[in-house]
Every structure is written in structure tokens, then in C-alpha cells.
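The chain below stands alone and is given as C-alpha cells, in the form predicted on its own.
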């Protein structure tokens, strides 16, 4: 069989990628364009039947969601504040726990392979299962949290965790439990990529274990750490499952942008406002992705140490 010409090979390649391009077009690009268009309309349950003649409001929806003069704006800004607080706590705590466990699993001991597999159980458990279990754990009357707090004498009566001011705390605890194994897995891979000769050289120079950790381990984990932190920032900013499963569709002040968008668009039937919020969230995530790609270009060379 003769060799195909370069033009024929390229044409055949285009046919192979055509299904993927069509999927991207219909699943991603057309809905994004459609959502951006809806965000410019006053589209709600009253104008949905005649959506082609829905009033055009331009940037009116965007002004409302970022204006404290409107109730929807106050709630949306509150949801942004909530997701920022959520990320500022979950990401560092998950990183510290993951790093501590990764350092332990990087040592040689009997049953290390089994333990490495077991720590992934929280991460691979489906969100619907994991967060429903945590919802039961945080129940006021029969939940395990209140049971042990009462037994230890730390509280005098059962606390309500899934409603009110404590709701965000419950979500943070469950999210840290669910997410730290991923941090551990990534950091463990980074630790295994550090040459043992660097530690031997540090010992010869008289470095203590703490100095080895701060001067060798942490600097060489910097590329992995940057990737891990940026991914967590992106994932945490559009958090949805943990808030929706634990707190339901109306979590009150514990709304985050994703849950508030769902409530405003599909419960209150304010499609224009919901689309405007979704567009803003998409822009923020695209900016974070751009920052992540910029950081990904950097690296650390072993020769610099």
C-alpha cells in the first residue's frame, strides 16, 4: 500500500477529530453563546413563551447583580463572599493535611501500598454518597457530631449545623474530608520525583530534618504546589455539589454562586439574571484558568539547589 500524501493524512486527521469538534460545539460553545445572549434580555416566566420579543436590557442584568440596591445583588455578592471564605479555609487546610500524609506515605513501612489505596476512598466516593453521609453525621438529633460533643461535655444541647451560621462550617468540614486525598496523591507524586541524593547531600552538610524539609522538599514541590493550588481555586470557586447536597436548594446565607444561579434561574424563573450570573462566573473561572496556564509554564530545576 502506497504512502499517503501529507495533504491526505491531514484531511483524514480532520475527519477523526470532527466528532469531538461537533460535541464541543453543541455541548459547550452554542450553550455559552446562548447563555450570553439571554443575559442581555429581561427573560423570565412571563416573557419565556415569546422569548424572541423579550425586552432587551443590555447590561441591566449585570448592573442588578452587582448593585447592593437590589435584593438579588446583595445575595449574589454575599454568595461570592461565601465562596471566597470557603476556599480560603478549605484549600490551605486540605493542602496541609495532604502534605502531612504524603510525607508519611513517602516512607518505607509494611502495608504502604494498602494504605495508599485506602486514603483515596474519600476522594473516589461519589459526591452524592459522601455528602449525604455527612448530612446524616451533622443531623441535630441523631447526628454523630452532636452525639460526641455532648458526650465530651463540649456542648449542653444539640446544635443545628445545616441551617444558619454553622452551615458553612459543616460544608467546609465535609469538603476538606473529601478533597485532601487528592492533594495527598499529587504531593506524593511530587515527593517521589525528588532525587534522594539531595537529601543525602543535605545530611552531609549538617542540615536538620526541618532544614531538609524547608530547604529541599518545599522548594522542589513548588511546581506541583502551584498546579494543585490553582486547580483547587478553580474547583472551589464553582463549588456546587457539597452545598446543594448538604444544605438543600435554599441554604440561606450559605449560598455560593453556583447554587444561587440555580435558585434564581430555575426556582425563581429569572432566566436573564441567572444567565448574567453564570456569565460572570465563567469569566472569573476563565481568568483563573489563564493564571493557572501562566503558572504552569514555570518550573524548578534541581540544579538551582
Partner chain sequence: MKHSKQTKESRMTEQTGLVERKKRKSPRKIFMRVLLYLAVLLILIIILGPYLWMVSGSFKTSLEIQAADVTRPGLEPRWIPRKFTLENYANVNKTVRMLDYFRNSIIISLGTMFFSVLISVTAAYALSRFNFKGKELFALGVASTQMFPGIAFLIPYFILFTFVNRYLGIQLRNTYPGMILTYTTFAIPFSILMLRNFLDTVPREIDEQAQIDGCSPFGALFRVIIPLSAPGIVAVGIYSFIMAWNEVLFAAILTGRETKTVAIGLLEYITQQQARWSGMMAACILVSIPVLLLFTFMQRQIVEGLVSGATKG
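From a predicted model like this one, the values you see are computed outputs, not experimental measurements. Positions refer to the first chain, counted from 1.
This next part talks about the form predicted together with its partner chain, which is not shown.
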| item | value |
| --- | --- |
| Check all three, 57, 63 and 179, heavy atom within 4.5 Å of its partner chain in the predicted bound form | no |
| Interface stretch in the predicted bound form with its partner chain - options 83-91, 195-203, 210-218, 111-119, non-hydrogen atom within 4.5 Å | 111-119 |
| Interface residue in the predicted bound form among 163, 172, 231, 72, criterion: non-hydrogen atom within 4.5 angstroms of its partner chain | 231 |
| Touches its partner chain in the predicted bound form: residue 222 (any heavy atom, 4.5 Å) | no |
| Contact label in the predicted bound form: residue 226 to its partner chain, heavy atom within 4.5 Å | no |
| Close approach of residue 294 to its partner chain in the predicted bound form, 4.5 Å, heavy atom | no |
| Its partner chain contact in the predicted bound form: residue 274, any heavy atom under 4.5 Å | yes |
| In the predicted bound form, residues of 259-290 near its partner chain [heavy atom within 4.5 Å] | 261, 262, 265, 266, 271, 274, 275, 278, 281, 282, 285, 289 |
